[in-house]
Ligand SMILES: Cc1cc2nc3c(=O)[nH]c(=O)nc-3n(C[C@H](O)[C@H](O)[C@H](O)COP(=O)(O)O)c2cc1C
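Take a look at this single chain in structure tokens; it is the form predicted on its own.
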Amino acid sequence: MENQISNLDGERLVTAIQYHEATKHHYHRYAISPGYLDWDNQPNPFRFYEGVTPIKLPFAKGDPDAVYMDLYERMRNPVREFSLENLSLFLELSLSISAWKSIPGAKWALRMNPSSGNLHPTESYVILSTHSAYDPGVYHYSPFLHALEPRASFSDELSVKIQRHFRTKGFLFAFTSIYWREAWKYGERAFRYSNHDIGHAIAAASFAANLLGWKLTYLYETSDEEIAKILGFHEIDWRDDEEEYPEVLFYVHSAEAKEIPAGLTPDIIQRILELSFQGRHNRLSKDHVDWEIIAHVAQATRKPRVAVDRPNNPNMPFSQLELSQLKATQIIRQRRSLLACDGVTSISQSAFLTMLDKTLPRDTAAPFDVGLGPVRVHLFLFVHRVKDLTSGFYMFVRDEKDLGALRLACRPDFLWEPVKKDFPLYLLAKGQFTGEATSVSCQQSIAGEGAFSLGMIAKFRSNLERLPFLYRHLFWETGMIGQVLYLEAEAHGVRSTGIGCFYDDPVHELLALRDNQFQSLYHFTVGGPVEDQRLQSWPPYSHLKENGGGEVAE
């Protein structure tokens, strides 16, 4: 049996690495994509379950009076009860529509959680146990309606069994991905981008939960197959390439609760599996393109029922170099993706170091205490316009136990000069590298015209060799880092955006990385925004009737 498992993991490892290599962008060749935008078949960014009656969620009458640091530090926010109103606020601050934008002839929704190309492959589900305010069961969250769509109901016995299993009040919370939404535009590289988005959504949910005194804990033993079962996917006949893939399951509980079980018991899973699920998913596109390579890597990186490493994060204080005066919810609600940089805005060194400091995982601090695993990603930075800091290449080592391996893997002539005592930022080379930053980011000027940009360098092969499904986790970690940078940029008066298009191996060549021990998985840029004057803005739920009835406006 051990040899069979080893052989199977070997095949999965090969498939994941082959996918990664095949989907790299090069100066002379991009990863395969449709090559044009088939507007007639653009996927609907909103999933609905037809044949069910949505439960309308109340919109917040007022946000928590939380300050900037309340986004991160646990125990600063009072624990709120698990009422329908607070569940609604949690979903509103993490996954709901944040605004509508329009230009003549087109109108689209933005959300609290960012997405590559604003295509939103991520779906979410809540599984609620006994509470007087709502019926226990499995629900799909509809951001368009800000409503819960009931999929299955629990008996009181099953509801009590789940609550007793976790030994503290709370609810189960799951993310899934519809890869077709990203593949419609980005083709083979869509699997990467969809998993970036899962990371963004995890961090967004962790921040929102923290403001309510709640915490997400990753149920790290749970398999993808088990998640699919408790969401009722075994009863769904998915249309064409519109399948939802289970990604991750959390238990949301009071931040004060400890020792959360690592998964669900087989008995609970079987009891949910026996339920009758209702509703039929809406069709997203009239026609589809079959991206076989995505189906293969999705299968190869499925998570079995196996434990992953629990992180042992330090309990160190946050840097207090520069604190934002904005309220926590204001930062969340105003987050937008940078569309263009002005090429002149600089930031202070204290703001820069504060932003980087927030990407360090800490025990009892959002968002990295959800329990996905130890640090696997570090930051390679192009510093362009940071006051009192030399322009050049830098490395931010998010876990200094990797410092030696990084130094051995990178160019031997790098300086590795510490910027600040007891802070893991190192100057590698001095100079203006705006051209290089732009060039390796698919010639996108935002990478060179901001205050700084970066690539996220992951410990790659060693993780995949041990557990092939960690390929997805690496992208989740980069997405979580990206969400921190999104909020930090807003908090410090600038703006940021993720960059999924970059030339993979040319980035590695800048560092002299000669193999796949480390790989760059995501780029990001932060700078002064240039607003598009053509855009008009609309309130987030202006498409619903003003009476709050939850009906779609005609």
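The model shown is predicted, which means the values in this text are computed figures rather than measured ones. In this text, residue numbers run from 1 along the sequence as written.
Form predicted in complex with the ligand: not shown, discussed below.
K.L.:
Using 4.5 Å between non-hydrogen atoms, is Phe518 touching the ligand in the predicted complex?
P.N.:
Phe518: no contact with the ligand in the predicted complex.
K.L.:
Is Gly527 near the ligand? Define near as a heavy atom within 4.5 Å, in the predicted complex.
P.N.:
Flag for Gly527 set to no.
K.L.:
Is Leu110 a contact residue for the ligand in the predicted complex, using a 4.5 Å heavy atom cut-off?
P.N.:
It does: once the ligand is placed as it appears in the predicted complex, Leu110 has a heavy atom within 4.5 Å of it.
K.L.:
Any of the heavy atoms of Leu510 lying within 4.5 Å of the ligand in the predicted complex?
P.N.:
Taking the distances in the predicted complex, the answer for Leu510 is no, it never comes within 4.5 Å of the ligand.
K.L.:
Heavy atom within 4.5 Å of the ligand in the predicted complex: which of Arg336, Lys229, Arg271, Arg398?
P.N.:
It is Arg336 that has a heavy atom within 4.5 Å of the partner.
K.L.:
Heavy atom within 4.5 Å of the ligand in the predicted complex: which of Pro374, Gly117, Pro418, Pro304 fits that? Just give me the one.
P.N.:
Residue within 4.5 Å of the partner: Gly117.
K.L.:
Taking 4.5 angstroms as the heavy atom distance cut-off, pick the stretch from 439 to 447, 287 to 295, 230 to 238, 381 to 389 that is near the ligand in the predicted complex.
P.N.:
Checking each option against the 4.5 Å cut-off leaves 439 to 447.
K.L.:
Using a 4.5 Å cut-off on any heavy atom, which residues of 465 to 504 would contact the ligand in the predicted complex?
P.N.:
Contacts from 465 to 504: Tyr486, Thr497, Gly498, Ile499, Gly500, Cys501.
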